[in-house]
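The data below hold one chain only, encoded as structure tokens and taken in the form predicted on its own.
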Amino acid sequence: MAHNMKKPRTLAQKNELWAYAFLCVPIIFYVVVRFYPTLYAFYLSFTDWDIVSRDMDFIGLENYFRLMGDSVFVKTLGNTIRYVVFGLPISMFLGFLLAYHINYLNRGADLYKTIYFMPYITSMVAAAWVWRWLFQPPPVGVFNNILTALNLPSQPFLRSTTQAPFAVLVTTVWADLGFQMIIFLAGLKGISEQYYEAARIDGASNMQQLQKITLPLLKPTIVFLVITGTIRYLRIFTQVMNMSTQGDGGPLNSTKPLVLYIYDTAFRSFEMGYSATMTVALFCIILIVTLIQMRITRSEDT
């Protein structure tokens, strides 16, 4: 009789059970909100579902074959890569420049940090419309009014296939700058002052301290910003949609990123199956880029 009685759980065992219970909550959330939609997108990519009907025919790899011959997909993928290649290095360089100089300030640093970080927490929709107004033709657009005041010819900006991508890029870099600066600043604060004191005793200049101490010790910060920034720039959407005349990434798809093309295909053309195929392609691109960056980082550490 005594052997059948269960031993009461200890306090440590009870705490362990509560820990498992609380940790299950975010796992369930991720499974429902993240993993299930991702797996479902893979399934949809093999169908021709049009979102407005219940018919969902399995068509195998047909969407993937169509993707390889889609000139708009190639164009939007090229635009997206261009945003990453040009936008990310510029925003990181400017973010580091700001953080490097703010780190030397004894007074007023908080004010500068607030001013530069404000764009990052501002609604991208509101910011995009303000920038759209700035790039308008005269007499509405501020930039063109400045050019006119300087006796320079006005520019089409968002109405030009060559200038519109740079106008979008300027807006994106401006909005992203505060995040880069704050992370760089946190990295700079983590470097011990003893390294710089030793370098100054050895007669090292500011540039030598930057090259030999600051940048090498900021490597984990730089890697983090490169990975998260690449993912962020590959998913550009809001600013392009709100700065385009019809929200279509024009003129002539010159500013349209891949995410906007996915949105148009799903909710304007009602081709959910083909849209899911492009989503899978973007997922694979982000995954490959992230794995390559992590592999490079790991190989340099060893």
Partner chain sequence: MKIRKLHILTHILLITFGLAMLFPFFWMIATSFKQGRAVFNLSLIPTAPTTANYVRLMTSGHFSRWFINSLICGILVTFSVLFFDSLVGYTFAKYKFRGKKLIFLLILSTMMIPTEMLVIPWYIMANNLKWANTYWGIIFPGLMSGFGTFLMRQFFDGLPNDLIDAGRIDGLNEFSIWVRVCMPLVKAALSALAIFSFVGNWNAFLWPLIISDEITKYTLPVGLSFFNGEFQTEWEMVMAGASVATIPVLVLYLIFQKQIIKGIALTGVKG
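As the structure is a prediction and not an experimental result, all values here were calculated from the model. Under this definition, the rigid core comprises the largest set of C-alpha atoms superposing within 1.5 Å between the forms. Positions refer to the first chain, counted from 1.
The protein also exists as the form predicted in complex with its partner chain; that form is not presented, and the subsequent description refers to it.
This chain is displayed without its partner chain, yet in the model of the complex the stretch 107-115 from 78-86, 107-115, 211-219, 191-199 comes within 4.5 Å of it by heavy atoms.
The candidate spot formed by 125, 134 and 286 is fully in contact with its partner chain in the model of the complex: every one of the three has a heavy atom within 4.5 Å.
Residue contact with its partner chain in the model of the complex: residue 130 places a heavy atom within 4.5 Å of it. A residue is said to contact a partner when one of its heavy atoms sits within 4.5 Å of a partner heavy atom; residue 145 meets this definition for its partner chain in the model of the complex. Of the heavy atoms in residue 67, none are within 4.5 Å of its partner chain in the model of the complex. Using a 4.5 angstroms limit between non-hydrogen atoms, residue 292 is distant from its partner chain in the model of the complex.
Shown without its partner, the chain has 145, 146, 149, 174, 177, 179 in segment 145-181 as residues with a non-hydrogen atom within 4.5 angstroms of its partner chain in the model of the complex. Relative to the superposed rigid core, residue 69 undergoes a CA displacement smaller than 2 Å between the shown form and the other one. Once the rigid core is overlaid between the shown form and the other one, residue 53 counts among the residues whose Cα shifts by 2 Å or more. For residue 268, the Cα coordinates differ by under 2 angstroms between the shown form and the other one after the core has been superposed.
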